[in-house]
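Consider the single chain below, provided in C-alpha cells and representing the form predicted on its own.
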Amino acid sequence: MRDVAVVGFAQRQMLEFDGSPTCVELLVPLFEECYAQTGWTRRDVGFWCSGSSDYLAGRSFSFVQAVDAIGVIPPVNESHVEMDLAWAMYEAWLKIQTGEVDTALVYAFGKSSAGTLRRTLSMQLEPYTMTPLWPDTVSLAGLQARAGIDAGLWDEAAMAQVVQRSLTDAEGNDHAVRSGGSSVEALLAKPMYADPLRKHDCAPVTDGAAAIVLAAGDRARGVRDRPAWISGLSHFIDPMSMGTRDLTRSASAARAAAGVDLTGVEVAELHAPFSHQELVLRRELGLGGDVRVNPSGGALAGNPMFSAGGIRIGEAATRIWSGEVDKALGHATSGPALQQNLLCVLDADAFGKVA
C-alpha cells in the first residue's frame, strides 16, 4: 500500500443564508487556499473528486456546475460521489493507491438553506414503507434519543453536557456558526424542540463547503514537515430499514472501529449532528476518557451538508500538522440515526500499513 497523507484543508461555513453564494463562488476561494498551503497550481493536482447531492440542490447533475470552479481546459481527471466529502476523499485515496496519480484535491459543498433540510433528508430512507410517511431527520433523531433514555444508557443531563462542552470549545473556532458555552442547568431549562431534543441538541442548518488535499510519499513530505498520514480507513453501513436496527447502538460504527487501530488516539473529531449521537459513538468506538472529543466544537457548532464529515477529518489533520498530537481520528456519518460511518485514522508517522 502507498503512504498517503492529508496535506491541505480549507473550509467555509456560512453564518447567514441571505446572499449565500453559488457553489462555484464557495469553492474558488477554498481552492486558492489549498494552492497557497501546498505551493501547487491546478496542474499539480492529479485527481479531483467531489461530494454533493442533487436532492439538496433540487436539480439533476448539479455537481457539473461545480467543475467550473476547477476549470476544464486542459481536461482534468475528475469524479463525483453523491455523499459527504469524507467518501469523496476515500475514492481519491483509492485512486492514489492504483498508482495512476500521486495527488488529489477533494471537495464538497451544500446549500442546506435551499429547502427544508429535515424534510429533504427523508429521501435517504427506505423508499417503500418509510419515505412515503416523510418522517423527518430531527424526529427520527428524537426517537433515537428517547430509546436511549428509556434504556437507561444516557439522560438529558448527559446530552446537555455534550452541548455545553462543544459550544464552549467552538468559541475558539473561527468557522463555527454557533458557539458560546452555557451551564448544563441553563441548557436543560430551554424548551423542548422534538422531545427529548432541545434546539441546542441539534446541529444548526448550515450552508458551506470544504476541500482536502491528499498526496503520496515524497509529494506529501514536500508540502509539510508533519503530514497527517492516513494509517487506517474503514467504512460500514447499517440496514436501510429502521425497524431492523437497535437505535441505541451503531453497529456499523463498531464494525468500522474493529477495522482500524484506535490505540493511542489523542483527539477524535466525531460527526455527531445530535448531542446523544456523540454518546453513542464514544461507546461504539471504545474511546477512553483521555481522548479529547471535538475540540473544534463538532457538528453542533456547524454542519454544512456533504462537507461536515470531511471537515472532521480536516480538523483532525490540523492537530497533526501543528504537532499538538501524534495520532487523531476523523469520523463521518451519513443517513438517519448514524446509519453509515466512516473512520479515518491519521498519524504523524507513515507506516505503510493501511489495510
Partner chain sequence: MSRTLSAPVTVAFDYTRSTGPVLGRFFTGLRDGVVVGGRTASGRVVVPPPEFDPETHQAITDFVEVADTGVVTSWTWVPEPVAGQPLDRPFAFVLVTLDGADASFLHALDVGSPDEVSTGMRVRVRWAGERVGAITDIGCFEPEARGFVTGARAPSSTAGATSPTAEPVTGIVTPVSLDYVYAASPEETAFYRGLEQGRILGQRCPTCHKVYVPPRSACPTDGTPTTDEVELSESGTVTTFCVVNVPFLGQRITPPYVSAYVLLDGADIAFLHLILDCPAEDVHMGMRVKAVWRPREEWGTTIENISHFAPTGEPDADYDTYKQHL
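Numbering follows the first chain given and starts at 1. Being a predicted model, the structure only gives us computed values, none of them experimental.
What follows is about the form predicted together with its partner chain, which we do not show.
With the partner removed from view, the residue among G323, G286, G58, G39 that has a non-hydrogen atom within 4.5 Å of its partner chain in the model of the complex turns out to be G58. For the candidate set M123, A157, A258, A186, a heavy atom within 4.5 Å of its partner chain in the model of the complex is found for exactly one residue, namely M123. Interface residue remark: P21 is counted as part of the site for its partner chain in the model of the complex, having a heavy atom within 4.5 Å. Within 4.5 Å of any heavy atom of its partner chain in the model of the complex lies no heavy atom of C49. Remark: R119 counts among the residues lining its partner chain in the model of the complex, judged by a heavy atom distance of 4.5 Å or less.
Remark: A69 counts among the residues lining its partner chain in the model of the complex, judged by a heavy atom distance of 4.5 Å or less. Contact check for F236, L270 and V280: none of the three has a heavy atom within 4.5 Å of its partner chain in the model of the complex.
Per the 4.5 Å heavy atom criterion, its partner chain in the model of the complex is contacted by stretch 138-146, the sole one of 249-257, 220-228, 138-146, 172-180. Residues of 111-134 placing a heavy atom within 4.5 Å of its partner chain in the model of the complex, in sequence order: K111, A114, G115, T116, R118, R119, T120, M123, P127, Y128, T129, M130, P132, L133, W134.
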